[in-house]
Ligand code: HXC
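Heads up, the chain below is alone and in the form predicted alone; it's given as C-alpha cells.
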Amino acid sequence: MPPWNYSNQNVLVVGGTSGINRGIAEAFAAAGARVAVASRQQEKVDHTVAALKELTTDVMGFCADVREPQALNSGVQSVHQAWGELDVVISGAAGNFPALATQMSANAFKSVVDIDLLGSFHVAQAAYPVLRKPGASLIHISAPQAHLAMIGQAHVCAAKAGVDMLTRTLALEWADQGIRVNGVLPGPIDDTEGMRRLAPLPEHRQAVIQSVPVGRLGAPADIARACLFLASEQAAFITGAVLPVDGGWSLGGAATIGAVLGESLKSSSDS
C-alpha cells in the first residue's frame, strides 16, 4: 500500500462497523487519521472502536440509522465537537436482499431505497455544515447495480442509480466550496454480506470468481485503497467520478450474478 498519510485528518465512515466499510475505516486508521464510525447497532460500534484503537490513537463512534436524520445529525455533530471539521466522509450504509420484482412488497422496495438513496442524502446533508471548506472529500460507496440491471435486484438497481446521480449532482453543487464528491463501485467482494446473499452456495461463488476477468474476488482492502486515493491530494482534480473497483467484472461478467439469482429465485417461486 502506498504511504498514505492522513495524520491530523478527521474521517467519518458511515456503516463502518462491518464488511467493506469496516475495511475502509481500518485503512484510514492505519494511515494515521482520527476515525469515527457510525452504525445502527451500538454493540458493533463499541467493538469496532475498540479494534480501531489498535491502529490509531483517536477513535470514536455513534449509533444512528441513516433513515433517521435527527439521530444522524446529532452523531455527526458529536464528532465535529470532539475533533473539528471533517476532512473525509465515507457514506456506505446499504441494504440488500434478492427478490423478484413481482414477489416484492412495496415496503420491501421502499426499505432499500430509504437506506441506500435517502440514507445517502441524509449523510450528505448532515455532513455538509461540518466539512472542511475547501479540502473535504465525500465518497459514496455505490454498487454495480447502479448501471447494470440484475435479476432479483430491482430495488437495489433503482436506489444505487439514484446514489450515483446524487454523487454527480453534489459534485457540481459543492465544487465552489472546495468539496469533492466521488463514488466507488465495488465488484464482488469476498467475505461480505453482499456476496453471501447474492451467491449463497459454493457453486455460485465459484461461478462468480470465474466471471471476474482478473480471476479472483475482491477484498475490502481493494476498495479501501481506492478511497484512500480519492480522498487524497493525488486526486485533487477528480470530482463527480464514479469509479468501478471490480477487476473488470462490470465489463461483462456481472451477468453471472443475474443468472445465478434468476435461476435460484425462479426455481423457488415455481416450487
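The structure presented is a predicted model; accordingly, all values stated were derived computationally and were not measured. So that there is no doubt, residue numbering starts at 1 and follows the sequence shown.
Unshown form predicted in complex with the ligand; subsequent notes refer to it.
Peer 1: Even though the ligand is not shown here, does it sit in the predicted complex so that 67, 115 and 193 each have a heavy atom within 4.5 Å?
Peer 2: Judged in the predicted complex, 67, 115 and 193 all sit within 4.5 Å of the ligand.
Peer 1: Quick one: find which of 166 to 174, 76 to 84, 95 to 103, 125 to 133 has residues within 4.5 Å of the ligand in the predicted complex by heavy atom distance.
Peer 2: The contacting stretch here is 95 to 103.
Peer 1: Which of 198, 89, 159, 181 has a heavy atom within 4.5 Å of the ligand in the predicted complex?
Peer 2: Of 198, 89, 159, 181, the residue with a heavy atom within 4.5 Å of the ligand in the predicted complex is 198.
Peer 1: So which of 225, 40, 47, 205 gets a non-hydrogen atom within 4.5 Å of the ligand in the predicted complex?
Peer 2: Contact check passes for 40.
Peer 1: Closest heavy atom of residue 145 to the ligand in the predicted complex, within 4.5 Å or not?
Peer 2: Yes, residue 145 is a contact residue.
Peer 1: Report whether the minimum heavy atom distance between residue 108 and the ligand in the predicted complex is within 4.5 Å.
Peer 2: Although the ligand is absent here, residue 108 would touch it in the predicted complex, with heavy atoms inside 4.5 Å.
Peer 1: At a 4.5 angstroms cut-off on non-hydrogen atoms, which residues of 219 to 249 are near the ligand in the predicted complex? List them in order.
Peer 2: Only a single residue, 249, comes within 4.5 Å of the partner.
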